[in-house]
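What follows is a pair of forms of the same protein chain, given separately as structure tokens and numbered structure 1 and structure 2.
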Structure 1
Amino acid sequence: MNDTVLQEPLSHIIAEHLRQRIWSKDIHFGDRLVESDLAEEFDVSRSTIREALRILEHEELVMNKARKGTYVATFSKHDVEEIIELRTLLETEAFMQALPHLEEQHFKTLNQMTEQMKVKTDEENWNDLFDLDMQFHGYIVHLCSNSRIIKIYNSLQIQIRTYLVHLDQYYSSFQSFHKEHVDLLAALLTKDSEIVKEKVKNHITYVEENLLGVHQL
């Protein structure tokens, strides 16, 4: 364990553990998180758990209900609509701006990511696939020339990753999810802005119609 990890506050480490458990569905949306139980599980003080939960509350992953306790947040139809709209706006513009900056080494890295996706597809591992999805999209966004787009996108990472947890039931197969990214990479390789713009939009809204038919996720 390196010095950076050793210096990280315990509350941040616990927050990351809880975050990963929510994304892997070990903890479900709407579940109550009991401070005393978590303190015993992690062998830490309740104040450390409260700080970890405050981090997750700031990220809107959990919510504190007066006199009831802390619960994992659920996504409403409106929440999903907003995330899809924001992601479409930001990523479409970011991908367009990134196009002139994409060089051979960038395409090599993106291709390696799709190959990793193929491995996780064969393993039928949605959690790792969604992590790779975030890496793929984030890598391109960070190549755009607009620092404010990058900053806003970074601030939405936790919300986007949490939204992705819901998508496994709407893809017809693991293979279709992988193919979406192979096709997206192929579009980027054309360096054609109109092709890329259309592909990014279609990729993000691939499951929108079915997803927004669910009133409470």
Structure 2
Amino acid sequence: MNDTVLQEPLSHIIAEHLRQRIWSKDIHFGDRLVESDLAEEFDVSRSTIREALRILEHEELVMNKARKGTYVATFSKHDVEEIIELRTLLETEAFMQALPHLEEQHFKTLNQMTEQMKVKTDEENWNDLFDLDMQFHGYIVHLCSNSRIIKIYNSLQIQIRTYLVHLDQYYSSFQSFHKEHVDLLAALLTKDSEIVKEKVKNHITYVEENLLGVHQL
């Protein structure tokens, strides 16, 4: 009998919990995260909390200044611009690489995701909508052939997801999500590098800078 539970380290679980709490606005940007408090709260040792915080630190979800403590990251307009720039760079490359691997079944899955986007938009469930957005882009990126690009993109997505929760009050901007992704899918279907490249750039700029331009961070 195999009763191995594939025990994921506790620190990983805690890290995920903290991520979720940031995304659910249970923890706010700029909040200080005190190791001993969290240890008590999660009923684990300080060492475990420390390891979890280090994970989040590498995702730039929290900032740690030696001896001064750990604080939840805040995103300035400039930060978001940097992220968008990096995202465009990585995603364009990843999509290019994914193109030859995209098959019928993938399009089917992606299509379902866009359908779900419509549903979530109607429900005004922005959290789920953001998750779908992450899934959609992540799904394609993961078909690219460079594991390092994938890894960096994963980490970047966490940051994207994080500043998006800042913006869920500006729901009018989210109405376009569904259509945007349908268009993106159409571009992918052509399998034409130039069309895809152009659309990716355009898509990111449109969706992100739309939010960014109109509203204050």
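All residue numbers here follow the sequence of structure 1, with the first residue given the number 1. It should be emphasised that the depicted structure is a prediction, and the values quoted were computed from it without experimental measurement. The term rigid core refers to the maximal set of C-alpha atoms that superpose within 1.5 Å between the two forms.
**Q** Eyeball the pair and call it: which is the form predicted on its own?
**A** The form predicted on its own is the one given as structure 1; the other form is structure 2.
**Q** Checking residue 200 here: with the core superposed, does its CA move 2 Å or more between structures 1 and 2?
**A** Residue 200: C-alpha displaced by less than 2 Å between structures 1 and 2.
**Q** At a 2 Å cut-off on C-alpha positions, does residue 139 qualify as shifted between structures 1 and 2 after fitting the rigid core?
**A** No; that C-alpha moves by less than 2 Å between structures 1 and 2.
**Q** Please report the angle, in degrees, through which the smaller rigid segment swings against the bigger one between structures 1 and 2.
**A** The angle the smaller part turns through between structures 1 and 2 is 21 degrees.
**Q** With the core fitted, just quote the Cα shift at residue 74 between structures 1 and 2, in angstrom to one decimal.
**A** Its alpha carbon moves by 2.5 Å.
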